[in-house]
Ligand SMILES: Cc1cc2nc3c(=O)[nH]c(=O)nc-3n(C[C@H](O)[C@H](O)[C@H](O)COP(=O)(O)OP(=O)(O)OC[C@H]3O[C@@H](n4cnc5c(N)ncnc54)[C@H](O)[C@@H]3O)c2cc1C
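Take a look at this one chain, the form predicted on its own, written out in structure tokens.
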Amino acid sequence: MSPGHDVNAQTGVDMANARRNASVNISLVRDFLHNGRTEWEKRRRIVEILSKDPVFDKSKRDFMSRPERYTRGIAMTNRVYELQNIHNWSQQEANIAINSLDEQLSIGLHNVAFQPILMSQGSPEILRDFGPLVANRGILGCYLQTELGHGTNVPKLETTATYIPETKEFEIHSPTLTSSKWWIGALGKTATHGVVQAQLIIGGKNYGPHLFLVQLRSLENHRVLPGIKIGDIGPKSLGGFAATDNGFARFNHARIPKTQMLSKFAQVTDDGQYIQPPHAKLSYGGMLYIRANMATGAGWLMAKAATVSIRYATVRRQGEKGPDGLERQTVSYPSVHSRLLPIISHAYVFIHLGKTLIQSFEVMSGRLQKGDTSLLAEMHAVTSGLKVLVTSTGIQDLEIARRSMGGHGYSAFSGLGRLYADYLPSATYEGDNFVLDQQVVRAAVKSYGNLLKTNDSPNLSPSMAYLRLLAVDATVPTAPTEAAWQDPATTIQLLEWRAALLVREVSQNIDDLDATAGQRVAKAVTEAFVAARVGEIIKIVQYLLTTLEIGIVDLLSFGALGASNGRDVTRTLRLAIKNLCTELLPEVIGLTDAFGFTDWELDSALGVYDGKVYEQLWNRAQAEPLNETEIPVAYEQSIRPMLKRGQQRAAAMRTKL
């Protein structure tokens, strides 16, 4: 590279060239991802309004303390709903605005957990008294399930709700330290009310966990009500969820009216008789709603990671010279693009799969309202497996994208570190991933057992369709040719065989499983389900191939793909992936532009649309508060004494010499 070459100017040239060389119809793909042109334009207008409003300015965010981040988060929330009134936004448009803010806000728990659960499981009386307040945020809610001593194991929660027939009240109580509610988003400083998960006690008998609406703070002055102790649990790992007041609560015989039990299904009569729900798991609807939405959310997060990292790799030049005489763009190195291109495919798959999952949830929810639980088991199995898959993949992809950007990726200004910190706990909340794996395995083993008894493969549910391979005299395929890998059906069948063989193996050894069997089976089962959906809807070959490559050892362990005879039977698969990456490489900027993110949304110096990454890094560094003064306060306090001490000791040593 010549001494006179302007590396900074080259970044803009490289980005412009990449866009010029891409053949992707960005508008068409973008409209597909955003549910049509009308929805895209709606979102674009809302984002434009937000990005021009000073309340949503992001320039100081990386330098803020946690209390400042929380205060900013509440101010942004309030401003969104002010804008809703000003612009006459629908609730859907207000949700678009909230979801466009790349911040984990306390209001999210009101919108995603508190409101849906209350509205789906509350009695007509609760809906009459509280429904309008909840919908218009006249009260702010949270969902109090997790405790200091228990999380995923809901049946073992310790908080109690004891019915007092004389006063027609429930007494909410935390009998032990470990029964303290913990990790509850929006509880620390924001929520006025909460849906509390507590053991229902009637006449000394425990009827298991039930839900209760509890007022937490005064609507006059926001003070915590008597009989309740509430606070914030403190900072989270890596500075994540800084704007959310995850809190604790302890109840000291706090009384609530009987009518505030969420009693659409299970009920307690005035004289203390318990009326069982028609189905023991009708209350699972709220949990499944949250999990159903996680797939789409993860997809858009992966889309941000892909957009930032691929834009940076497009303009970052490093290493050996390319055909143009300049250092090669890092995206051209197989070690880089082989890591980043799969993230694009993950984003496309999970965004679209999430939409279909939400539609399926709405169908199931409609049936649940009529007492029909026929779809509940299938939805539970699917959402459990997908929750594990999308969160594990999202966490992995964010870190892969960040590390692909080298040293600059570690800067807060890259934007991906913040996303990673906020997304990392998704592997734990809404069901610990390792625990959910066991639920997926149980459902699969049960279906396999039923299949052995009935041999009724046509009636297998969509999530168990791969088991049909075990109901017929089918032969495991041998290693496909390189050309055959271009047909999605080839990979889908192999992923289904992987799941089927693992489920059969686990079923046959259920009393003596190895330590990782649950994780391997759950992953295989879920990936087979996703692969089948990919084959039905968008046929993203790269997603299928790279998914199989990661899980290929499971097939090889059963002798699938044929005997090796001293050769690598997976070579044709890896060559197919390599060739597909080479084919897609000119399109990566178009494919990521189609996600439609603005620079304001990404808030990344390395992911700016025009490619001027070095200018952005330089300019952002100038805003660092340490740079406001030439000499830091620490100089007089610590640096100067340290220097003086060192100089004096050095002088003394020279004197001795």
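Numbering starts at 1 and runs along the sequence shown. None of the values given here were measured: they were computed from a predicted structure.
One more form of this protein should be noted, the form predicted together with the named molecule, which is absent from this view; the next part is about it.
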| said: I'd like to know whether residue 444 contacts the named molecule in the predicted bound form, with contact meaning heavy atoms within 4.5 angstroms. | reply: no
| message | If we define contact as a non-hydrogen atom of the residue within 4.5 angstroms of the partner, is residue 448 a contact of the named molecule in the predicted bound form? | response | no
| message | Can you tell me if residue 417 lies within 4.5 angstroms of the named molecule in the predicted bound form, counting non-hydrogen atoms only? | response | no
| said: Within 4.5 Å, heavy atoms only: does residue 432 come near the named molecule in the predicted bound form? | reply: yes
| remark: Within 4.5 Å of the named molecule in the predicted bound form, heavy atom basis, the matching stretch of 474-482, 460-468, 363-371, 142-150 is 142-150
| field | Heavy atom within 4.5 Å of the named molecule in the predicted bound form - the one residue of 183, 300, 289, 333 that qualifies | value | 183
| Which listed residue (348, 241, 497, 163) meets the criterion of a heavy atom within 4.5 Å of the named molecule in the predicted bound form? | 241
| task | Between 108-122 and the named molecule in the predicted bound form, list the residues on our side with a heavy atom within 4.5 Å. | result | 109
